[in-house]
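Below, in structure tokens: the form predicted alone, a single chain.
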């Protein structure tokens, strides 16, 4: 998808993108690079970082670094921003795209799985936001955009990420107020069902079935999510803070993702045929 923004819009700017080596994060990084920004990609997997960084740098003629970083670990995050500031001298934009989850009914989620998702999606995002602010943005201003999830109606089937992403949305609202006088803008983008590399984590056919719950009757693309992020980072978004933009084809307005069982005459609830029949291999995954 060709960018709708002018080619030199972010010339000389510096952006850090977590989870930037694949999927939505890579699309965001590519659009930033195509518009002149120097980009630091952060990911846990070096084998993805190296080709992504090299490819973007060669394609767009900007500086692109790949830094191995586990956002759960505060020391890793500190090192990420130390590297960025040493290399470029500033951090204009932070895009929090790093995260992860797995589908499972609430009663099947083990403590290890719950903690892993909360630690990545909530604590990891907090580490990134606070570190970027303390090391640079509170003194110089900047913009933070976090990619979350469509959680307005809850998140049946993934209660852990629903809880974490809802907390991040509230955190963005809070930081938007606390940091407004420092010229730090904090927003979120909430994708719906997006056709991306992350689809391999879900059962076969889930994408096709999900289309029936989307009023626009199609899946979204990584580039469409990237466009919303770039809108907030661009000058057009200079008067927007504390907001969450949905990129979901209207799916938050209509449709269901969780079967509701009827109550029989004895007052006993019939358990919905969710994970056994719909996503059997994910019922007990941590």
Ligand code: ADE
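Only a predicted model underlies this, so the values are computations on that prediction, with no experimental measurement involved. Positions refer to the first chain, counted from 1.
This next part talks about the form predicted in complex with ligand ADE, which is not shown.
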Problem set entry | Contact residue in the model of the complex, chosen from 87, 183, 135, 72 - any heavy atom within 4.5 Å of ligand ADE | 72
Exercise. Considering ligand ADE in the model of the complex, which of 192, 99, 103, 142 comes within 4.5 Å of it through any heavy atom?
Worked result: 99
For this session: Check whether residue 120 has any heavy atom within 4.5 Å of a heavy atom of ligand ADE in the model of the complex, and answer yes or no.
Result: yes
For this session: May I ask you to check whether residue 19 falls inside a 4.5 Å heavy atom distance of ligand ADE in the model of the complex?
Result: yes
Problem set entry | Contact of residue 48 with ligand ADE in the model of the complex (heavy atom, 4.5 Å) | no
Exercise. Taking heavy atoms only, is residue 246 within 4.5 angstroms of ligand ADE in the model of the complex?
Worked result: no
Problem set entry | Location of ligand ADE contact in the model of the complex, chosen stretch of 247 to 255, 27 to 35, 63 to 71, 227 to 235 [non-hydrogen atom, 4.5 Å] | 63 to 71
For this session: Check each residue of 16 to 51 against ligand ADE in the model of the complex and list those with a heavy atom within 4.5 Å, in sequence order.
Result: 19, 43, 44
